[in-house]
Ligand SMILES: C[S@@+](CC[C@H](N)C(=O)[O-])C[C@H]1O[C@@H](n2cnc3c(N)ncnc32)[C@H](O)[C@@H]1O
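Shown here is one chain on its own, the form predicted alone, set out as structure tokens.
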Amino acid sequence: MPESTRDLTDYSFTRFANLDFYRQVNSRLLDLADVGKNQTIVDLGCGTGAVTRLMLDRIVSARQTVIYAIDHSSAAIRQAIAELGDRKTAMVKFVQAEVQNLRSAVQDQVDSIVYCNSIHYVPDKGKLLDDVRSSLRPGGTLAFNTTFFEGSNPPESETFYRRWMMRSLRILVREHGLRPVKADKTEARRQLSAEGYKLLLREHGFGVSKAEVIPVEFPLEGYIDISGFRDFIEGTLPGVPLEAGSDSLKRGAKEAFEDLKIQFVPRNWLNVVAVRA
């Protein structure tokens, strides 16, 4: 089915990706990986280009650098090209492809692959790592981050999440007459720990160069924007229509913040830089 404008504007990751704290999280990952010194870089799952723009800020030698910005969505790529505007120089090459088709999308080996806040969605992470390893030159780096891992929610945040889900489900049932379909649980809800990711990387031919868990103050704005993202809605309220799910999650988040009289919720982010052996 062709992508619609509504799908892109209403249920894309764009609003969340442009939040200040999210840019800071991804900037930290790019700096850890020293991405700007590489000559060939892949922005895997580039979406509408938020991380691509951060990469451009860090490029040391523009004439010698190529960024392959890859995403499955043609609509997202079109928006990324439009938003980059004059900054879309010859160094950025957009490629429409699925993550699992990385090897065919970029046939030459590259220096660095960056995959921001998406690896938790991949069902077969081992297969992904094998493909990434084949796409990297020896000594090349994979940098990824995620806030959906075992340990992402500090104990002090659990009260908020229970209240958020309780409020959201109440709104969903009372005002939309709907309930989630538990059998439709998505891969984003099945999480590895930080140590689990390290072990998986070593099993697939990577040495772990840097790994850190950093605390982030997640504001209400972040929960509102993530509640408008298709993958998050489908993962949190499986089987529920997007419009009803988004409305319930957004209103539930607002009510939970008001109930608890809080300004932000603590959350952990996992950053990993691995080197192809």
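Note that the structure is a prediction, hence the values are computed from the model and not measured. When you see a residue number, it is the position in the sequence shown, counting from 1.
Heads up, the form predicted together with this ligand isn't pictured, but that's what we're talking about next.
Proximity to this ligand in the predicted complex, taken as a non-hydrogen atom within 4.5 angstroms, holds for one residue of 153, 109, 79, 118, which is 118.
Screening 72, 170, 202, 176 for any heavy atom within 4.5 Å of this ligand in the predicted complex leaves a single hit, 72. A residue is said to contact a partner when one of its heavy atoms sits within 4.5 Å of a partner heavy atom; residue 231 meets this definition for this ligand in the predicted complex.
Using a 4.5 angstroms threshold between heavy atoms, residue 147 stays clear of this ligand in the predicted complex.
Heavy atoms of residue 227 never reach within 4.5 Å of this ligand in the predicted complex, leaving it off the interface. Using a 4.5 angstroms limit between non-hydrogen atoms, residue 98 touches this ligand in the predicted complex.
With the partner omitted here, the stretch from 213-221, 31-39, 245-253, 46-54 that lies within 4.5 Å of this ligand by heavy atoms in the predicted complex is 46-54.
Here the marked residues 193, 197 and 206 all miss this ligand in the predicted complex; none has a heavy atom within 4.5 angstroms.
Of all the residues from 198-221, none has a non-hydrogen atom no more than 4.5 Å from this ligand in the predicted complex.
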